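Here are two versions of the same chain, shown separately as structure tokens and labelled structure 1 and structure 2.
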Structure 1
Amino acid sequence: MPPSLEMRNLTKQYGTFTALNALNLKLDGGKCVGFLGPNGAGKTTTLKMLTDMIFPTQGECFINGISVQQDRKRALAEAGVLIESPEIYPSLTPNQALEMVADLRGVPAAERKDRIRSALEEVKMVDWADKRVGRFSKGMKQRINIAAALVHDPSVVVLDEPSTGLDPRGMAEVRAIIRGLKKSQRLIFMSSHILSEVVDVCDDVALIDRGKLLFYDTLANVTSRFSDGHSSIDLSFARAIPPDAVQGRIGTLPGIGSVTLLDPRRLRIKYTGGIETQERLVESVAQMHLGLVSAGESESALEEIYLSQISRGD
């Protein structure tokens, strides 16, 4: 059975202030879903109710079909959670810290050593397993925090802005870890207000503002739906793109609306259609042997959608 998360009519009020207003959201399958919104939009409030850290005013949350509010222990047994980056005792090593977490999580003693090593492998910290955490950088500590969320091998992982406050290297390391988690068919629900992060690691995106869900869909469908029927992808090349290839060979491919050269080795394609069209375009460009090395959703397209949808509430 694929992993799932569901929020039904989820509402949280503090006096007359509504932090979350009747959120209905259902997620299924192994993928990464970005929970996007400005600071104060209700993202962390949602995650805290989803993990029973605070109680909803109305509504209910489900993890793998089990109600968090009705059967907290069983619902959260399959969830790994990292919210607001807890501190680790600086005198402990990762092995010692994860041993404590594994014990609290009910991992059988006979399995703990293997589970701890596996979690450290997923966050690429095996070589640091017996070093004191107090000597670690902030990014390294965050990787250990993620390992703590994985030590009981959950099918659902909930992350609250996991790269916030990290330097560029730390952010890149955390994003690489999240991409790796998707390979094990886990459902990752990750809040963020960093658009580049969502574009880089997420398959789907849900946008929330002022406690209300504005939309939820795949990244490709979102950019197509809110961009006058056009989606866009950015392509990067190992070497400078020949001028005749931009508007000539690439610009004449079926479905392309426009091609923009961002710099000598990067270009942006606007096209009509969904993920199937994107796949066909990338395959066609790759077959031109121009040195294509990467292709991904355009961050600028999501930024335009984000700003236009958020500004409507002003």
Structure 2
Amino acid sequence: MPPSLEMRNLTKQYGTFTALNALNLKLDGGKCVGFLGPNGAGKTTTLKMLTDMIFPTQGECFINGISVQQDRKRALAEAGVLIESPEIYPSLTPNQALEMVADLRGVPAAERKDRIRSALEEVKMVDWADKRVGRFSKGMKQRINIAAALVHDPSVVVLDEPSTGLDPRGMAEVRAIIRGLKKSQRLIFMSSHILSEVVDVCDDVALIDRGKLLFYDTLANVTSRFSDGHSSIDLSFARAIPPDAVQGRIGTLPGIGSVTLLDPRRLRIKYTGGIETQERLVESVAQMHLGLVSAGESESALEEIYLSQISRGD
């Protein structure tokens, strides 16, 4: 059975204020879903109900089909969660904290040491394994929290702004970890304010604002749906792009709407025709031997969509 997360009519009210309004969302399969929304949109509120930290005013959530509200113990067994940078008992060392997590989760004693070690390796904290967590910096604690969310090999991973407090290298490491998780068919539901991170690792995005879900779709669909029928892609080159190539050779390829030079080595190309055009485009540009180093979904496309959707509610 593929991993799944379901929010059914999920609603949270604080007094008369509605923090989350009847959210219906069903995610399944091995992929990463980005959960976007401005400050106060209700992301953390949603993720806390998903993990039984707070209780829905209405509605229910399911992890792998098990109701969180009815049986938190069984529902959370296959989930790894990291919400709002929790604190670890300060006198514990990472080894001890992860030992506690693994033990309570039922990781067999024989495997514990190995799993803890590799979890710490992944967050690059092996050198600190036997130092007390109490003296760690914010980012170091966050790394241990990430390791704690993954040490038992969860099939569903719920992360609330996992990159909070991390340095650039830490952020890159988190992305690498998430890509690894996707490879082994895990479902990741992750809130984030870093759009480049979302573009980089997420397959789908859900956008909420003021407790309301605005849309949920694949990243590719979202980008094409909101960009007047055009999808957009950013190409990076190892050297400056010859001016004639921009409008000439590249601009005249089939399906191309516009080509913009972002900087001497980066192009943004708007195109129609979905993934086929995109593949053909990248292939053709690669064959031009201009020094193409990467092609990626343009993050600012998501940013444009994000801003236009959010401000719409004003």
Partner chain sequence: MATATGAGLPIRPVSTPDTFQQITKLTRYQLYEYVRSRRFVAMLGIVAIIGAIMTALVGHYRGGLVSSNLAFYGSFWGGGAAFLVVLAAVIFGGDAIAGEFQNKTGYFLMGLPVRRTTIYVGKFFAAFLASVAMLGLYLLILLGNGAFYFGAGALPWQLPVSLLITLVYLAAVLGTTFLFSSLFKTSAYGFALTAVLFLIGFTILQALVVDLVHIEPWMVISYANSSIGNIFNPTVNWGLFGNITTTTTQVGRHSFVTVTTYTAGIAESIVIMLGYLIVTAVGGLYLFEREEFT
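Residue indices: 1-based, along structure 1. Between two forms, the rigid core is the largest collection of C-alphas that superpose within 1.5 Å. Keep in mind the model is a prediction, meaning the values are calculated, not measured.
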item	value
Displayed copy of the chain that is the form predicted together with the partner chain	2
Rigid core superposed: Asp160 CA moves 2 Å or more between structure 1 and structure 2	no
Did Met140 shift 2 Å or more between structure 1 and structure 2, C-alpha, core superposed	yes
After fitting the core, Ala149 CA displacement of 2 Å or more between structure 1 and structure 2	no
Rigid-core-superposed Cα shift at Trp128 between structure 1 and structure 2, Å	4.4
Between structure 1 and structure 2, how far the Cα of Gln287 shifts once the core is aligned, in Å	2.9
